[in-house]
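Only one chain is shown below, in structure tokens, and it's the form predicted on its own.
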Amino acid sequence: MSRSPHPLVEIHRGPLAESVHAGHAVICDDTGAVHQAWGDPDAVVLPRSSAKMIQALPLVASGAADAFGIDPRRLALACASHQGAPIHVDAVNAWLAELGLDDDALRCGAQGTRDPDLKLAMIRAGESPCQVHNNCSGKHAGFLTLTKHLGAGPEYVEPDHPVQRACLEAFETVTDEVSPGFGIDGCSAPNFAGSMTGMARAMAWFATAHTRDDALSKAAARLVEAMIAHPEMVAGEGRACTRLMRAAREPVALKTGAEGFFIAILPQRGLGVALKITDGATRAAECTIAAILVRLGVLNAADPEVKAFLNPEIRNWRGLLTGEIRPSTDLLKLA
């Protein structure tokens, strides 16, 4: 029987918990079994950008990444929801140029940069954002690389395109379930639905990929290694994915997704984590992933980088401390 979303995060103001964010969270072990869960492990969800490393699997497993000399930094970018900072934009532009393509080949749509300095510089110069500034442009550069490798048509985001058929096959393989359908993501690519347990199982599969020799597992291990080696490419300065990966006591790959999704891949433990905040709040997803990783001993709760997401302060317009965000008490209790 389905279970209700579990209270995961509280918003405190003065003596009261003013608001509560509920959701689902699942940890799977190296066998793919549920190690621990909150809420409904069977809830069907859209993992949004938390599935980007799955969408990048065909790029590597097909041989396209090697054929086009895609290095680990670009593999991390293929898994990224990046900041649109110069480090990301320049990398995508260079990648496209090496493919003999430009911004017009992308199908992700233009999005303003989230980098404050670049945003100001573009405003001053009267420049409009391009598709390379889109947080998904690295993933799309990967799609274009696979498209060229396959000799397929340019509309690579269409659900029946060979690139997206390969992504669906990869998704169903690593989640070990048949996807019930898809939604179209913000970047126009299909985002395949699955269960919370399926996503956690997939992340545990990624966490143990380095122990296997098949082509898909080898591809997964390379993607995980790339994300861990280049956290600045996965998100960007100030972002939760980048900051928490840097703060971790052991190698961990983290990836946020829109509407309150987050995943963690823990290679040394063979564990995978997936969580979804049902009201879609990013602040709650960041707090919950930090709490789960503190619970597991991967993060130190006293580290200022961790506290920035585990217990962020709430201040009013005068700068007065008025409250804080906290994980629910049972989320931090040891198993």
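Predicted model only: the values in this text are computed from it and were never measured. Note that residue numbering begins at 1 and tracks the sequence as displayed.
Only in words, not in the display: the form predicted together with another copy of the chain, which the text now covers.
The stretch among 27-35, 303-311, 46-54, 289-297 whose residues place heavy atoms within 4.5 Å of another copy of the chain in the predicted complex is 46-54. Every residue of the trio 109, 193 and 322 has some heavy atom no more than 4.5 Å from another copy of the chain in the predicted complex. Using a 4.5 angstroms limit between non-hydrogen atoms, residue 185 touches another copy of the chain in the predicted complex.
Though the partner is left out of this view, residue 270 does not reach within 4.5 Å of another copy of the chain in the predicted complex, counting heavy atoms only.
In the predicted complex, another copy of the chain lies within 4.5 Å of some heavy atom of residue 181. Although the partner is absent from this view, residue 157 contacts another copy of the chain in the predicted complex, with a non-hydrogen atom inside 4.5 angstroms.
Contacts between 206-239 and another copy of the chain, taken as any heavy atom within 4.5 Å in the predicted complex, involve no residue at all.
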